[in-house]
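First, one chain by itself in structure tokens, the form predicted on its own.
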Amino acid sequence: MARGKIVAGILAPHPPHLVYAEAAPQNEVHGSCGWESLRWGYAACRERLRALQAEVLLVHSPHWQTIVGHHVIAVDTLKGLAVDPIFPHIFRYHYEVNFEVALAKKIAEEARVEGLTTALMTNPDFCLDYGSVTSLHMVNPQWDLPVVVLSANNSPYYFSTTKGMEEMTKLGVATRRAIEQSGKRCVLLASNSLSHRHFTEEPAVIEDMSAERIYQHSHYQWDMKVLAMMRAGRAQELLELLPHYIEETAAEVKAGALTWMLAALGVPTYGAEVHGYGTVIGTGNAVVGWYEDVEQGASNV
């Protein structure tokens, strides 16, 4: 069997407004426009991914949070309704998802080797979180690839950001080993926003972009600093900065998906492509890709 590989890692934010604005047929509520910088960024990302011929999508979402250990879904198919608890008026999404169970089990095994507490989620009636569903939809609206969904262990919140990053780094290393053994071409999705302060009131017209802006200017400055580091291939420096960045901006990367992904990618020294940046009800969001073809080019320099 050929050795599996990670062909891309994507920072894939999950504001439900993007699915609403695209009038996705699976969503019960349809918008008319809005948040184009992010939606067009996702469209550019999809074009890049098609050329890489991915076989499996893996997503780590902060909205499937587990207290004891790291959980991985290990059922063949899930079908149901995902509802955003904060924005149920714009996101009620009917999904049917196929899972790559063998890879899920292998990730759990390798995570145990790293000393992590792990569990397989085998409940056939389990409801997918809206963060996973949104990121998966925006990257692959055809839903024609099997997926692996990993939980966000609560350690960054229960213990500390530093402890959480240690856990997510080990999970990333385990994920990479499992993928290499799988023979699959895989894409990792870190389902996170960047700065993450919300406004508490919506405009009368939800997709009214005249009301859309970052929560405060310092958050925008921090987001730009982080994106510059991604573009420059300074992932190790970024990981070292994350605890301070999280403290300054309430960044959603605290939940661990970005740390997990960068660790699985081997802490890349090649630059990422920033496909788009935009705000959603005050939060900073970016669609960013680390791609196999860029890595190979960097290694040949």
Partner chain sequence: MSKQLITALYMVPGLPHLLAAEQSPQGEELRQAYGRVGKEIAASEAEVILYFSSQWFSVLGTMVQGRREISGKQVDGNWHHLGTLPYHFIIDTSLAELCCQEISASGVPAKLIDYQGFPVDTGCIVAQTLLNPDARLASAIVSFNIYSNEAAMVALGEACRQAVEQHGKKVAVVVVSGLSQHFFTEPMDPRADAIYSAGDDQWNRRILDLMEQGKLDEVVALCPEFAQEAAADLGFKAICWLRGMCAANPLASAAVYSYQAIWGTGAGVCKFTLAPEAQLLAKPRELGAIVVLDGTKAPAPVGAYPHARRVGNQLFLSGIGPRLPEGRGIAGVEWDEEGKLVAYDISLQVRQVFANIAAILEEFSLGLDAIVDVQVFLTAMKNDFADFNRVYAEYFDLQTGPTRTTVEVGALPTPIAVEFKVIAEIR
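Just so we're clear, the structure is a prediction, and the values are computed from it rather than from any experiment. Positions refer to the first chain, counted from 1.
If you look for the form predicted in complex with the partner chain, you will not find it shown, but the lines that follow are about it.
Site check Asn140, Arg185 and Thr279: each within 4.5 Å of the partner chain in the predicted complex by heavy atom: The answer is no: none of the three residues contacts the partner (heavy atom, 4.5 Å cut-off).
Are any of the heavy atoms in Gly271 no more than 4.5 Å from a heavy atom of the partner chain in the predicted complex? Gly271 lies outside the contact set for the partner chain.
is_contact(Asn123, the partner chain) in the predicted complex, heavy atom dist at most 4.5 Å: Judged by the heavy-atom cut-off of 4.5 Å, Asn123 is in contact with the partner chain in the predicted complex.
Can Glu114 be called a contact residue for the partner chain in the predicted complex at 4.5 Å between heavy atoms? Residue-level check for Glu114: no, no contact with the partner chain.
Verify the contact flag for Met209: yes if a non-hydrogen atom of it lies within 4.5 Å of a non-hydrogen atom of the partner chain in the predicted complex, no if not. Answer no; every heavy atom of Met209 is more than 4.5 Å from the partner chain in the predicted complex.
With the partner removed from view, which of 142-150, 101-109, 173-181, 156-164 is the stretch that lies within 4.5 Å of the partner chain in the predicted complex, judged by heavy atom distances? Residues of 156-164 come within 4.5 Å of the partner.
Could you work out which of Trp35, Tyr42, Trp64, Tyr245 is the residue within 4.5 angstroms of the partner chain in the predicted complex, going by heavy atoms? Among Trp35, Tyr42, Trp64, Tyr245, a heavy atom within 4.5 Å of the partner chain in the predicted complex occurs only for Trp64.
Go through 21-38 residue by residue and record those having a heavy atom within 4.5 Å of the partner chain in the predicted complex; state none if no residue qualifies. Nothing in this stretch is in contact.
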